[in-house]
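A lone chain, given as structure tokens: the form predicted on its own.
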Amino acid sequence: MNMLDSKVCIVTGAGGGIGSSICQAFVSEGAGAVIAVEHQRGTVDQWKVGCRNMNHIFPYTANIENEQEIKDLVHNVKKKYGKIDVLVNAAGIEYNEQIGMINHSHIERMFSVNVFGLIELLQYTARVMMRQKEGSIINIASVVGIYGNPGQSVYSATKGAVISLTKSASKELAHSKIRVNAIAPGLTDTKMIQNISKEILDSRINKIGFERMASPEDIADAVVFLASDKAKFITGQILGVDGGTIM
């Protein structure tokens, strides 16, 4: 039996490495429909071709910085499928800047996407799940939101906010049988690391117990577990998927 049989799932950030891997893992585990939310039209189609069970993946273009577009997304999914079983907040942006060189517009953009958009998605989806009396919400945080990291003060602040939100929301929504958890990936092999110098990258890899970066599939496997009924009594947890990172 597949772990996500017939579940209706929304995954934001589906055009990125982690988001796309989550979508593919979901359909591999039998999800009935995966609404793959992308910011730029066509980014999901770039990886969807050749994906097994691709007919269960439905690209949806929306700007998660826009409250009305978030409302429309949740409304349209509920109207079409009658339910929402899983929400994965995987959309995120990252600017790495040393203190003294932090760009104010980058602060606003990271909080807008990583925190404010996530909150709006969580609350509108939770309204649907409250009526269902069940659901799983999984937020993608980061180990830097727990330990911090030089040059990532603002990014780590946004992920720290995600972690705090996850803990509070899990307590508030538990009475409705809605589970809220977060995954805190360590250094992961995605496009986000392309601008990191080899020296800094090697230094960070040397701090990982398993001596390698995570793959997007490593993160997706953990998300599948938290989305599934195998995790039916787990909520309010921050699951580090970091290969034994020492920050």
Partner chain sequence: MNNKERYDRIVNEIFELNGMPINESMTRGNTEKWNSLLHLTFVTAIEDEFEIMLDTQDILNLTSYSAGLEIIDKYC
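Residue numbers count along the first chain shown, from 1. Worth saying up front: this structure is predicted, and the values here are computed from it rather than measured.
Keep in mind the form predicted together with the partner chain is missing from the figure; the text below concerns it.
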In contact with the partner chain in the predicted bound form (heavy atoms, 4.5 Å), from 160-168, 89-97, 117-125, 134-142, is stretch 117-125
The listed residue (45, 202, 67, 211) that reaches within 4.5 Å of the partner chain in the predicted bound form by any heavy atom is 67
Next item on the list: Indicate whether residue 80 is a 4.5 Å heavy atom neighbour of the partner chain in the predicted bound form.
Entry: no
**Distance check, residue 130 to the partner chain in the predicted bound form, heavy atom within 4.5 Å** = yes
**Asked** How about residue 74: is it within 4.5 Å of the partner chain in the predicted bound form, going by heavy atoms?
**Response** yes
